[in-house]
Each structure stands twice: as structure tokens, then as C-alpha cells.
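One chain comes next, on its own, written as C-alpha cells: the form predicted on its own.
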């Protein structure tokens, strides 16, 4: 009987150590088979997932022995948080461990768009050497619009400041007196103002009922025709058909997408656009970030299963209204 059930490809030395202390079932493709997952969940005391496993209220109900659901990553849109909390199950995630990697990729995509790096690379590999075709633009003195000024948005803005960019941000949930705002002093504006001012718009929003489909065709039409859009957050924040239309009509100059409205995406016209960069949801996938993420997840799982408390909890640090059996 597996005490810890891992339903996605989550590996690393901390996970190996966890397997030495507990009975761990590593089934990285299990997320694709909900019926099999439903059969396995009743035996588990801990469930470790990324963003592909759909942890529904029914799955949580079937997991009568569950003490902790650990999300290797930040977003919780694939987990029924209310159901986990109502069931007394600890929900933990890793909101800070991959932030540096995501921020670095965001700036990398901004540079790639501004300097047309992917298109120039393809051109040379195809035998070309037309330098004039790839005249780009500088980041210096351009306005960065940060949509979502949490940890990743802050780290992105800090790096952009080193390029001499002008900082603006939109996040109604951020205290205007927060230390992050005090340090970088971005102009805190509303969404309309952000769209109008940004030369580069980067998205760092979670997927919620209020953010899903927020960035639609009308939003992109309010941007400068010379502006670039970068999304490393959640794909469903963007209405992809609206973005495609805006690009086709020249309403914005280009886009870079690490996340898509549906993953994996179906082929569409974005695939053929020279001013669009598409990558497969890899913002957090660096060796350093993944080690931090896996280590944090394993520490929380071990702590809870031994009768202790999770450090990176979302709801509460220890199981509630459940029999907690110290393990190991």
C-alpha cells in the first residue's frame, strides 16, 4: 500500500530520499487515467502533483486517508482547494521556489522578441545572411507593463530595471505601501492605463474566475501597435483567438507564449508567425528551480506524515478532523 502517490513526472534527489523513508508509488502517467487514479487514491496518505492532475472534489472524497496534497509549483487551478480544506487535508505548494527561473525566462523572451532572435536563427540556418531584415529594438527606455505584481512580477521588474526600462504595474491586490513597490517604485496603474502605456506587457496572473479570458481582442487593440506581449503565467488568462486576430491585424508587434489556453495546444496560425515565439510551458524548468520545488514538496510531505506541520501550506499546516498516524 503506497503512502505517497506521485501522479506526474516529479523527480530528483529529495524525491529519492523520500522514497527511502516512505512507501512511494511513482506513476508519472497516472494523471492521464482518472479512473485508475480514483482506484489508487484510497490507499494514499499523500498525493504529489504538478499542474496536469485534476484533483477534484470527488477524488479528494475517495482519498479518505489523505493528509496532504502537495503541488510541485505555484498554481492551484487544477486542485479543488475548497474541497481539500473542507476535508481537512493540508494543501501545500511552492510559490517562491521557481520564481527566479520564471522571471529570467520572461526577460529572455522580451529580448528574443525585441531582437528577433528565433527568426534570425532560422534564417541563418537556412543559409541566409540578410542583416537588415532583423533590425530590432532596445529594451532601454521602453515601458514595461507588469500585469500581476506578485513575486514573479516583482523579480521580472527588478531585472528589467537593470536594462533601463520604465516600470509600470497593475495589481489591485498589492498594497501600494508594500516593500516590493517601495523598492522599485513602479507606476501603479489600472488595466486600461497599463495596456496603453506598455511597450512590453508581461502577464503574471493566476487563473481565477475573474482572470480567465481577461486579455481578449479588445484589450490587445488598446495596446501600441509596436508593443510586445509575453505570457508565462496561465494560458486561459488570454483569449487566444483574440490574440491571434490582433497579431494578424497588426494591433501589436509580436507575442511570446510559454503557456496556452489548452495544453498541449492544437495547431493554428500562431505556429507560422515569425513574430510569435511558442515554447512548451518551461518557465519553471531549470535544474535549480526544480531542485528547490521538489525539495520543498518532499519536506512538507515528510513533515505532515510524521505528525508535524507543512511549511508552505495554503490552507492550514496540519490535517484537521482526521486521524493522523505518524509514519516512518
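Note that this is a predicted model, so its numbers are computed, not measured. Positions refer to the first chain, counted from 1.
We do not show the form predicted together with D-malate, though everything after this point is about it.
- Taken together, the three residues 51, 71 and 281 all lie with some non-hydrogen atom within 4.5 angstroms of D-malate in the predicted bound form.
- In the predicted bound form, D-malate lies within 4.5 Å of some heavy atom of residue 234.
- Among residues of the shown chain, residue 88 is not one whose heavy atoms approach D-malate to within 4.5 Å in the predicted bound form.
- In the predicted bound form, residue 98 approaches D-malate with a heavy atom inside 4.5 Å.
- Although the partner is absent here, residue 75 lies within 4.5 Å of D-malate in the predicted bound form, judged by heavy atoms.
- Checking 281 to 289, 265 to 273, 57 to 65, 25 to 33 against D-malate in the predicted bound form, the stretch whose residues place heavy atoms within 4.5 Å of it is 281 to 289.
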